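The form predicted alone is given below as one chain in structure tokens.
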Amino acid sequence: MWAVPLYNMAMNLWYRKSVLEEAGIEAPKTWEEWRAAAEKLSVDGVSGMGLPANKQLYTDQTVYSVMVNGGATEIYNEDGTLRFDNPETVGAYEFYADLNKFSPADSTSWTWGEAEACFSSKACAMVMQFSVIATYDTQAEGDAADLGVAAIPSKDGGDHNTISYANAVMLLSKDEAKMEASKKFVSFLLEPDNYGRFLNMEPGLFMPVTADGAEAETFWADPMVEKYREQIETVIDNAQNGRLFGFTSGRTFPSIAAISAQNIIAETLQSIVVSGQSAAEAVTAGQARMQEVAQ
């Protein structure tokens, strides 16, 4: 039983440079700047920030991307007990819920596609997303020079982190012939020339997990990747500070599977933005739910 990472996906902040310039603001680097930008950009029916608040994986991803920029990276202690309920986590949820006020009213039912559509239609000035390149190019104006991407703002402007998924191919077999054939196939796939073509299943979304893959000519030769090279290079750079809940301490705790499967990080946010709980109450209840499903 083993898994080999094949491609990476990391969350970023996307915006149109011309929209921010017209508003007289720069891409935000701190939470204070981020909130101020979202508020200022919320004019004429436009939502300054598109944020999901659905009980779904996309919300897990965006909430955790805020958490890791506010000192709440770890949800486990070293001994495997939960530390989700702490002041840093509460602060991250308070900020996210406040920022969500500048998001469309239907964001409580959003998945990834709704966020991309909101950005492409200019109904959202900024969104957090792995990539908007394909929809922006095919369904919006497709002006590469105007598409901005930045690291997710941090609480104090220090290190900028993000959630990062190294999606893997998995083999669940004890058959030696199948194992050997799988090894050969994965080795073939990760050869730079082959790997570049594989990554461009959806150009601008799947990012390399190997150094030579990031330099593969077949990766950068794709017309859309070539067109949005500046943005993709930024995404790859931002992914260097990638984190994933439950896999940050050097140890793996199996209970993260149940916690993730039931979207408890997102459920905690819904308790705030839908049910009206305080962040402190919701986070305490969130840890209790984690403990419940982890048993």
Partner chain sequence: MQQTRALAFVLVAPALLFLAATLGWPLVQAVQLSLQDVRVIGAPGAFVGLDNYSRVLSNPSFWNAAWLSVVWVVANAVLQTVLALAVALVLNEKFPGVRVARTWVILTWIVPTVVVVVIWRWLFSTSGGMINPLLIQAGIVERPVGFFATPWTAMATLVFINSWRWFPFIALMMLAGLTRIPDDLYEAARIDGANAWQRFKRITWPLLAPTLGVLAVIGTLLSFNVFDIIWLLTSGGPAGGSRTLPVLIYETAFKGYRLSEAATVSVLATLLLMAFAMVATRALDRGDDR
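Owing to the predicted nature of the structure, the values given are computational and were not obtained by experimental measurement. Numbering follows the first chain given and starts at 1.
Omitted from view is the form predicted together with the partner chain, to which the following refers.
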Go through 231-239, 25-33, 256-264, 62-70 and give me the stretch that gets within 4.5 Å of the partner chain in the model of the complex, heavy atoms only.
-> 256-264
99, 118, 163, 147: which sits within 4.5 Å of the partner chain in the model of the complex by any heavy atom?
-> 118
Would you say all of 78, 81 and 287 touch the partner chain in the model of the complex, counting a heavy atom within 4.5 Å as a touch?
-> no
Consider residue 187 of the chain shown here, and say whether it contacts the partner chain in the model of the complex, taking contact as heavy atoms within 4.5 Å.
-> no
Does the partner chain come within 4.5 Å of any heavy atom of residue 18 in the model of the complex?
-> no
Would residue 114 sit within 4.5 Å of the partner chain in the model of the complex, counting heavy atoms only?
-> yes
Does the partner chain get within 4.5 angstroms of any non-hydrogen atom of residue 55 in the model of the complex?
-> yes
Of the residues spanning 259-295, the ones with some heavy atom within 4.5 Å of the partner chain in the model of the complex are 261, 262, 263, 270, 274, 275, 292, 293, 295
